[in-house]
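Given next, in structure tokens, is a single chain: the form predicted alone.
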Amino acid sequence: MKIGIIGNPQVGKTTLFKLLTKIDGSGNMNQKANIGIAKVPDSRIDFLSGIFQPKKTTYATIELVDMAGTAQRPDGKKNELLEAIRDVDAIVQVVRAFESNMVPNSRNNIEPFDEVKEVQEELLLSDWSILENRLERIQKQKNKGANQNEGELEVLLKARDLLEQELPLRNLELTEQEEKLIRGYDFLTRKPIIVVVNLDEDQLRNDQYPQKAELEKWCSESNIPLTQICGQLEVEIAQLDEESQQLFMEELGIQETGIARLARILYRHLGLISFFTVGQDEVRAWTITDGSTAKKAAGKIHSDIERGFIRAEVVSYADFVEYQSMSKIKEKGLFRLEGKEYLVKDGDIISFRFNV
């Protein structure tokens, strides 16, 4: 999964990218994207590692792309940016709420809701342009007597009805076949999106910032996850050792960093889950799409395991937490043998048997 981080210049977009990926780089004011891998914090992995004491612990990860700033771009450059967004699976839009004399604002005022709306309008216009061009070509081909895929035309007309209402194509309810018919268009408003508001420390403590009510209402109605971070504070926390981090966060009255929360929101919103493999060599989280079969999950580890799949030996995470021993779990009859069509659950601890 590739996630594109977008936003106006000086909103904290690159700071967020660096915090998530632990990559130290300069601000992204040009047209070249920064690319990095973000670890998804997971207390379950921490617990399993504490039990098995493995040589290596591997968390789930997400690929992130820090896009160039969206504001004040010549039209040609905006088109380049939109094409770059087309290559990602989901979008994180960072907007500015923080006040700072040290960081110039690309806008005259602090208006996070207006920022969100402006970018959404750009994405809608891009989809509208693609849709109209395709419908025009279909009409020309019809006039020449060429055969058309009526199913495709029907889906595109549904999409046009939605865009005419200034609604994103995420709202389209499509069958699996209809989804295949329009997948190639890479409509931007079809992609999942998450909004991140970058606060200053006073706003974080008071839980208030400009246009908060409007933004929360719009995101709720649009079914778009909305979360808050204080980028500067997160930078300070990241520079501390683990014990100092905990003390600092307790003083602030927060249980976890905004970065950890965002990573999990991204993971969940994309319909991803983790299954675990455990042992003395490695405890590892493997990322799959919710609804994946055991055979498909095996392929995440290695194609040979998928091809020669025999069975999956499965223990639920909750059962393992209760008994903390595979032998005790077997005594209780909670150690399960599952076939290739078994739908893997989030948190399953799995060992695959295969023969190639």
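Values in this document were obtained by computation on a predicted structure and should not be read as measured data. Heads up: residue numbers just count along the shown sequence, starting at 1.
In what follows, reference is made to the form predicted in complex with a small molecule, a form of this protein that is not presented.
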With heavy atoms only and a cut-off of 4.5 Å, decide whether Q232 touches the small molecule in the predicted complex.
yes
is_contact(L252, the small molecule) in the predicted complex, heavy atom dist at most 4.5 Å:
no
Q10 near the small molecule in the predicted complex, any heavy atom under 4.5 Å?
yes
Any non-hydrogen atom of F98 within 4.5 angstroms of the small molecule in the predicted complex
yes
Exactly one listed stretch (117-125, 274-282, 198-206, 254-262) reaches within 4.5 angstroms of the small molecule in the predicted complex by non-hydrogen atoms, and it is 198-206
Select from the listed residues V103, L135, L240, L167 the one whose heavy atoms reach within 4.5 Å of the small molecule in the predicted complex.
V103
